[in-house]
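Below you will find one chain, with nothing else, as structure tokens; this is the form predicted on its own, and questions on how it binds or moves follow later.
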């Protein structure tokens, strides 16, 4: 994506991660407009986390300009992620939350200032094993405007999911009818989650924040049975 300004990663609980690559205002605006026009309802008033993890070290973005562009397209900037040390002051002036890079517990500046210089700290880590809840079974059609969420487990829909409806699960999603709306599996980051459906005619499918819109789905298993799973950072649509 050498000519791309950013990459959008959706989250099932309507938080979007916008990963910045470069800082051309014109290209940023044009590409964001194209993305939003593909699924305007999906992006409408969605909270956005702007990530600088993939930004070149010598870039200094105009945060205010970027935030205004996002708001123009009805996105709601929520936080800045992985802000380099030399940009922390500018980031704080935006009033947004500043969160560390993925897998880190503090910003670079906080680590530099607060970490003990000659002290070894031993922490006992207690691992919590998440117990998957029983599958949630829906026997009636999921109609337009409805949202069904299976927290902590799988979702099984024995009928259709209508256009404008949304089904979500922390685990897998099984649809034994036609999927015309949106299906989002692994919403809390489970990259092993799957989506199975009898007939694929979806507006959007997503697993662990990675999504495919209907335009791309039409070129694959459209109006056929499908098994959707995550392969690296990309969704793979296969025959069921």
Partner chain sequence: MAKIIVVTSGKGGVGKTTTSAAIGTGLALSGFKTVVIDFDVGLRNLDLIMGCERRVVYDFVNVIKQEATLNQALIKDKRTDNLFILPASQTRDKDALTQEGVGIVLDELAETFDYIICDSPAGIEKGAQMALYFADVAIVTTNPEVSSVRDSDRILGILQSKSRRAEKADEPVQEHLLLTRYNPARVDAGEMLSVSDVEDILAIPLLGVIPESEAVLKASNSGTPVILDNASDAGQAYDDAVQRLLGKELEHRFLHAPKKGFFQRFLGGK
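The model shown is predicted, which means the values in this text are computed figures rather than measured ones. Numbering follows the first chain given and starts at 1.
Note that the form predicted in complex with the partner chain isn't included here; everything after this is about it.
For the options 144, 94, 72, 135, the one in contact with the partner chain in the predicted bound form, meaning a heavy atom within 4.5 Å, is 144. Among heavy atoms of residue 163, some come within 4.5 Å of the partner chain in the predicted bound form. Proximity of residue 180 to the partner chain in the predicted bound form falls within the 4.5 Å heavy atom cutoff.
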